[in-house]
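Only one chain is given next, in structure tokens, and it is the form predicted on its own.
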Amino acid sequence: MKCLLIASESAEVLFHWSDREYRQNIQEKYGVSQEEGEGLPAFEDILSTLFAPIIISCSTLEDSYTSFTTENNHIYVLHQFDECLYIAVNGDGEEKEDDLRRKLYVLKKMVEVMFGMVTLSGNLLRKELRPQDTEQRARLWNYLQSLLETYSLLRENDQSFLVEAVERLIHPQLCELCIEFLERRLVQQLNSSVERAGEEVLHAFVLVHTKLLAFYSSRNASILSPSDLLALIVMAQNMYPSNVDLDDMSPEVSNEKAGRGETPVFEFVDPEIQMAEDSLHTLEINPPDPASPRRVFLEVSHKDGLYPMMPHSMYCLSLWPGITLVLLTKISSSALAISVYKYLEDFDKLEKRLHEGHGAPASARSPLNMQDIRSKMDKFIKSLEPHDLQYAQLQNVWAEFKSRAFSRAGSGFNKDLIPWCKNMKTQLCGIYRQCFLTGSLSADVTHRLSAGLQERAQAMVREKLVDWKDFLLVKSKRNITMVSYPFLFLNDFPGLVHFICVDRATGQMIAPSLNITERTTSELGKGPVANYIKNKVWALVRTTRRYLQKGYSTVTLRDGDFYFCYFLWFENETGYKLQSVDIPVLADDSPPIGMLAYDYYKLLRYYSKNHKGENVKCYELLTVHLGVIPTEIILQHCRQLASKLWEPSRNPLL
């Protein structure tokens, strides 16, 4: 029994997702309280009524709660993100508080990738998450629900999403060949074509299931953060699924679903309660055109700073079932987003100073030069389209702000100006929304790579990989095994059952494959045996995160027939292990440890900055040994394994 909810401060449901058991349980309980002969209201209205006391108490209490457990053992986790309250519920005991908190942060991440800086304005985000048009709302909610389902399936079955790091296919020659092809032929041809409509391909990568075969970024592109890349993999998998469930489908069904861009989500509609369902769940929604790009908002690093939520267009092109080409393009008006972000930062800083009670921004303590901001804002407004309604609203609010802040008759820079700072931020987010979001979830159809150009890109990559297709699909399932050359783990490390090693500086991981289906045999056996080991590994990751949250960077423990180890350490760029630092102790309700929803490891690299001038790297190693192996041998194995895995001669791409 699971539920996720986003609500406004007025208890309006902005988005909800729930499984069939939760729906049925709530509707049955609500039906008991109804007068005889009255029909059930829409499920969305039931949720609004049910959660209203929780939402109102969170918005009114100064020191609000972040989680609680009811008498029937339902766990509730809540988090206030700006003006929206995110709520996660579990009633079947399958998820703990940490799991629910992670889901809330992942949901927030996906909303940011979908809506960008509009998420900084509660009023505008409400309009995006809950459009007036019922069909548009259904399309949006169905898409967001399917993203959550896809993420949940990946986290339950894919090691890369378990530890939130990207896994690359280990075949250096083929990877280098593909990267060279992406650089010298594909991206070069796309960016020189007149059919690109002003867009420029910044990143191109090939996915085999969830694993990265090749990744290329153009010279003027920013580094794509691991968090954003993981979110894009979720979106690609959502469009062209290739998960564990599909392995048990017939090829015809699998290919048909992938060709339509459908996601094999759980079916939540119970025939007995179909009539009581919200009308959103009974609408026939046409799937989006696969040729249409999706607008995504990603982090961009420039010489003058870091800019989150910058607009890009994402093209997800299926090569074959299980193999996907993804293109990320820079749109022609992206410079406007940078300007908007800079002004949002300026007004946010001013608002914080006014809250603190400092005087005019001309004081020595203020980093703001409001006269300079005034001049630049005047020029920025003049550069916008004067016929837009949003332009007129921004111009009016800016004129009022100037009259209050700069004129002699105005109140000057004091707390009376705070509402106008908020209003300016709302209007700037409105300009951003007008330019990058209004009209559709997908990118503007008039400014995109033409369908013909996309088809040529597909054909070029297919021609290059056609002889490798079957090999890649098998390789993705058995990327590294315990008997793989050049590693030969069973020979070098007798008693080693499994390991996961993660380079947190690059956001990449290495681990032997875990195949748990009855049809696939591995060194761990198949079916129940492999699944038993998998469950142990998943439990180990959860345990080590709890210890890491409490400030421990080393964990060793025995569990029945197995001995588990976890190590976190820092190295400089020459591979010299740096002296350990004090890991910060985090509160129980702190953001989850990981990279997808919140990059915890940036915090760790900050704590290691006493090594100035050095490129500090952060590593994690988890191992599972047979319990009969002596402890000193296990620790020796861990040291040797960590050194061996990242040797450039063995793994040049990593």
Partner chain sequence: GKLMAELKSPDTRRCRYFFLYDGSKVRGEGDPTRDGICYFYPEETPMDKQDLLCGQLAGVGRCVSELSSSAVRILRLRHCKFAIRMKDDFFWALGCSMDVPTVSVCELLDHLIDLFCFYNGSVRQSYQLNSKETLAAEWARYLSHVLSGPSELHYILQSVRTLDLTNVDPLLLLKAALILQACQRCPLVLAGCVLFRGRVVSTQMPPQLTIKVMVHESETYAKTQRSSGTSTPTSDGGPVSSTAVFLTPSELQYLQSAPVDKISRCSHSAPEKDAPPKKTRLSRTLSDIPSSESTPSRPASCQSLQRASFSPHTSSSEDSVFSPAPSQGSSADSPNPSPLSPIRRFSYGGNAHQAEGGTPDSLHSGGGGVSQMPSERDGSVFEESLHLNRGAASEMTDCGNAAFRDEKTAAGEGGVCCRKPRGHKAEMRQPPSGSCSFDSLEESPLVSMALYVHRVNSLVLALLVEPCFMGDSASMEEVNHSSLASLNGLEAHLRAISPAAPGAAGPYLFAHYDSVQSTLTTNVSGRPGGASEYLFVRATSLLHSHFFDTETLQEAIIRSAGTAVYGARSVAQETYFQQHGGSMRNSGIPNQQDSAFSLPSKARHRLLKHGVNLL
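Positions refer to the first chain, counted from 1. Since the model is a prediction, treat every value here as computed from it, not as a measurement.
Only in words, not in the display: the form predicted in complex with the partner chain, which the text now covers.
Stretch-level contact analysis of 553-561, 496-504, 344-352, 232-240 against the partner chain in the predicted complex, using heavy atoms and a 4.5 Å limit, identifies 553-561.
For the three residues Tyr86, Met114 and Ile629, a heavy atom within 4.5 Å of the partner chain turns up in the predicted complex in no case. The shortest heavy atom separation between Asp45 and the partner chain in the predicted complex exceeds 4.5 Å. Ser67 belongs to the set of residues with a heavy atom inside 4.5 Å of the partner chain in the predicted complex. Contact annotation: Leu635 falls within 4.5 Å of the partner chain in the predicted complex, judged by heavy atom distances. The shortest heavy atom separation between Tyr76 and the partner chain in the predicted complex is within 4.5 Å.
Of the listed positions (Thr543, Ser333, Asn414, Gln136), a single one reaches within 4.5 angstroms of the partner chain by any non-hydrogen atom in the predicted complex, namely Thr543.
With the partner removed from view, the residue among Glu400, Glu200, Asp92, Glu97 that has a non-hydrogen atom within 4.5 Å of the partner chain in the predicted complex turns out to be Glu97.
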